[in-house]
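Given as structure tokens, the chain that follows is alone and in the form predicted alone.
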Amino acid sequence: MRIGVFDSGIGGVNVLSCLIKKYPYNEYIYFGDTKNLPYGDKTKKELFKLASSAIEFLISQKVEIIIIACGTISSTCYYKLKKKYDIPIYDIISPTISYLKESTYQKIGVIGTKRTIESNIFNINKKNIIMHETPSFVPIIENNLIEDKKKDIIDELKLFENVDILVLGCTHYPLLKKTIEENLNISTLDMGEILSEKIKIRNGSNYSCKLYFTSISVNLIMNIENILQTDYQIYLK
């Protein structure tokens, strides 16, 4: 099966990695719009235009399904995009919301971009939900500054010290998982892992992975190497 995945940058590669582990014998085409990141501070109109461009590129690569591996796009444009295109499109947030609704968690924390938190998409009628914008985290992650900014990250997340689970509501944030869990003793929820468990994809017989980015840097390559423990090819789009 030929599967398309897209995000603003490196975050969706975390989702891609989860999918490859679960369904290793497929052809994966990834598009990362690094030239236009971060997406979290863009208008809905801008996001829809950028997402449409990404989807049309993936369609040109003859993918059979498309996964929106971006919390910001998923929370603002998903239904509009799904209506616009005939190809099956899946978002990253819906499986996590279903999981949370079925869970026994009483106190849930959510971190995400400005647009994701503003969308109120994680307001699932649970009694205690704390939602918090963390716009500085994406640049920190993209520029490999997690260790340098560790104190700032920890300080910003101290309000979540008593939650049952912290939802990483942006696909970049799994790269902060170790820092969060080791320094704040908080359990985290990775939307990519939830998606890969809930989505039903048939396994093919051959593996390939092609990554396309609108800009490529040393930091990007380093992040990909840390995330993807498998073969891939990378291209400038």
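Residue positions are given as counts along the sequence shown, with the first one as 1. What you see is a predicted model; the values in this text were computed from it and never measured.
There is also a form predicted together with D-glutamic acid (DGL); it is not shown, and the following applies to it.
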item	value
Residue contact check: residue 39 to D-glutamic acid (DGL) in the model of the complex, 4.5 Å heavy atom	yes
is_contact(residue 96, D-glutamic acid (DGL)) in the model of the complex, heavy atom dist at most 4.5 Å	no
Partner proximity in the model of the complex: residue 138 to D-glutamic acid (DGL), non-hydrogen atom cutoff 4.5 Å	yes
D-glutamic acid (DGL) contact at residue 51 in the model of the complex, heavy atom, 4.5 Å	no
Candidate stretches 177-185, 164-172, 192-200, 206-214 - the one whose heavy atoms come within 4.5 Å of D-glutamic acid (DGL) in the model of the complex	164-172
